[in-house]
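Heads up, the chain below is alone and in the form predicted alone; it's given as structure tokens.
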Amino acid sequence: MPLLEVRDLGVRYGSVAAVRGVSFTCDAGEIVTLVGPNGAGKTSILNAVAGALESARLTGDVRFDDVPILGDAPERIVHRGISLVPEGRRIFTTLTVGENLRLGATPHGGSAEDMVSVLERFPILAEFRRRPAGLLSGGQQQQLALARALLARPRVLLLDEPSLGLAPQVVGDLFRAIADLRDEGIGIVLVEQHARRAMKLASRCHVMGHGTFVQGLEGSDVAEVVGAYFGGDALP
């Protein structure tokens, strides 16, 4: 039984079907990527799994450890072991780095040992712990958003466009951190604009179009995706 299983997921915004009949799984220690054009429904899928959408908008089934969670409150889903790092990072810019990190604490996470662990993983956050988060660079803010999610001790991470707006060198560091988390046994569902790089990390890749999956591929099949769906070398 997979750790996370999405079955025939649908998401509607009024009369518009943003996601239609999407099914996939993610297990411990693997990366599953969702790629496709803007508006294809990728963010809606992550928000549905994370409990960030009203249950009235949703159809289908999402199971974590074979327990139905679709429509549960976000805090219940975090407590179960799923954390979302949303597009745009969504940190609290007027709070300090340390205060942002403490917001990641849950009843089963956020201990002193957890804090030491994330600060060792992202040492710049330790250096700037008392600095307002809004003064961090984009890459440092992304590290903060990821560290905050890790304080909840997730078994599955949902990452929505984590490299958006970051410099190339910072993107490389970010992808190495994501690979390390996978190797430590965390399951990752990754929505990413740098599709080629994301797919090279992935166990599986799902290509989206118009709210549904148009093809599922192994992460090594980059050339097929480029030729079939993105046109030559257009894939980032």
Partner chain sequence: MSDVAQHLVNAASLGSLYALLALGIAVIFGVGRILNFAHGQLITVSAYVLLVVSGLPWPLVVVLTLLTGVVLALAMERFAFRHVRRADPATTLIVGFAVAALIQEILVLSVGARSKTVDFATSTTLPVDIAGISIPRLDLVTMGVTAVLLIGLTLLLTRTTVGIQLRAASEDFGMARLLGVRSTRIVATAFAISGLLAGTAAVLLTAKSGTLAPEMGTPAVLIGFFATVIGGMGSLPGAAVGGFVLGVVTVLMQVLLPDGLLPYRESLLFTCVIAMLLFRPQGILPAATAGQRV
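Numbering follows the first chain given and starts at 1. All of these numbers come straight from a predicted model, not from anything done at the bench.
There is also a form predicted together with its partner chain; it is not shown, and the following applies to it.
Heavy atoms within 4.5 Å of its partner chain in the predicted bound form map, among the stretches 177-185, 24-32, 42-50, 195-203, onto 42-50 alone. Contact between Ser111 and its partner chain in the predicted bound form is not found at the 4.5 Å heavy atom cutoff. Of the heavy atoms in Ala73, some are within 4.5 Å of its partner chain in the predicted bound form.
At the 4.5 Å threshold, heavy atoms of Ile91 reach its partner chain in the predicted bound form. The closest non-hydrogen atom of Val156 lies beyond 4.5 Å of its partner chain in the predicted bound form. Remark: all three candidate residues (His79, Glu99 and Arg102) come within 4.5 Å of its partner chain in the predicted bound form, counting heavy atoms only.
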